[in-house]
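Starting off, we have a lone chain in the form predicted on its own, written out as structure tokens.
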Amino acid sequence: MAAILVFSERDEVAFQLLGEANKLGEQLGMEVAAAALGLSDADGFLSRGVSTVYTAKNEELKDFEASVYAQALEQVAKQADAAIILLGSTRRGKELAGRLAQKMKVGSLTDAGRLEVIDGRVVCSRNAFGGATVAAQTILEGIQVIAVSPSAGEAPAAAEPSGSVAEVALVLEPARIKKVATAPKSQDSANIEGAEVLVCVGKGLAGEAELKMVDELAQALGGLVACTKPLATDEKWLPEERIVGLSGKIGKPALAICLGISGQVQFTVGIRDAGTIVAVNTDQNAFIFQMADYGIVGDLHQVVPELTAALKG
């Protein structure tokens, strides 16, 4: 039986992909399989309804290198009889999708959002024209390699493990790139993609010191502070991991508060699926108000402390 094969170098993203894979599998009559390569935990997949987990113990898989993992997944896909391969559309995942599709000589789509079955085909919703619109796209022939945006699906709840584990004897060529040293990168642990509340700030802030009042509001709401691209890349006030939008993270918070943000499409694609959007801006004609559920025309320097005080009661 043809299968849907799931893989991501990050287990939490792979588990989210399983939610989408299970839905597709039911509609298309396909089994759902997973590749647990490198340090991935096979048991985590088995407890989430995967029929078969493919593993390998090759030394080359201990460190992620896209060209090597593309070789591995090509061989796993053949053994699994995969008709659809779902990858996480992370930075590494997007490179992997392109390399894998090229090796298999098949079509590939990255940054896919919602997946649905229409007339027996998997149709992907993807941002187009810089996020100004959403396009429905599908791969017409052959095996489909689709990289899905993190948080597009929900991970199935863990249950009693079922299914089986199959170890694959992979033949891998060594990477042409040789790692000579590694150095820790400053990482921000904030889970922007999974946050229930995001307090997003833009260039309406006058200085970095004003982030303190924004953080106080976020804490009062039990949420996280996020930002538009310039605050991270130009001003360096926040880590790049906090960027929301086309150049950063795509979230689905229950509540998104946008402070001093004009509403350029490059940002709004990151929060347009929020349950409720609240905007604060001094410009009553700011585009952000067109998509906001609630809008406050006012100075964020006055509004934010009052909101925080009201929440703290």
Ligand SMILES: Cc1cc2nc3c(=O)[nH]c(=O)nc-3n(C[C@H](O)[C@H](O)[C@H](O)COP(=O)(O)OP(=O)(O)OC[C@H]3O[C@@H](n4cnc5c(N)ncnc54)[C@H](O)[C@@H]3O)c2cc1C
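Remember, it's a predicted structure, so these values are computed and weren't measured experimentally. What we label the rigid core is the largest C-alpha set whose atoms superpose within 1.5 Å from one form to the other. Numbers for residues come from their place in the sequence shown, where the first is 1.
Below: the form predicted together with the ligand, not depicted.
Here is the short version: of Ala256, Val50, Ala35, Val244, the single residue with a heavy atom within 4.5 Å of the ligand in the predicted complex is Val244.
For the options Gly204, Gly153, Gly223, Gly163, the one in contact with the ligand in the predicted complex, meaning a heavy atom within 4.5 Å, is Gly204. Partner proximity in the predicted complex, defined as non-hydrogen atoms within 4.5 angstroms of the ligand, places exactly one of 35-43, 273-281, 22-30, 54-62 at the interface: 273-281. At the 4.5 Å threshold, heavy atoms of Gly260 reach the ligand in the predicted complex. Among heavy atoms of Ser89, none comes within 4.5 Å of the ligand in the predicted complex. Mapping the unseen interface onto this chain, Ala14 falls outside it, with no heavy atom inside 4.5 Å of the ligand in the predicted complex. The ligand in the predicted complex comes within 4.5 Å of a heavy atom belonging to His301. Residues Thr228, Lys229, Pro230 of 222-239 are found to place at least one heavy atom within 4.5 Å of the ligand in the predicted complex. Superposition of the core reveals a Cα shift of 2 Å or more for Ala206 between this form and the one not shown.
Relative to the superposed rigid core, Phe289 undergoes a CA displacement of at least 2 Å between this form and the one not shown. Taking 2 Å as the criterion, Gly49 does not count as shifted between this form and the one not shown: its C-alpha moves by less than this amount when the rigid core is aligned.
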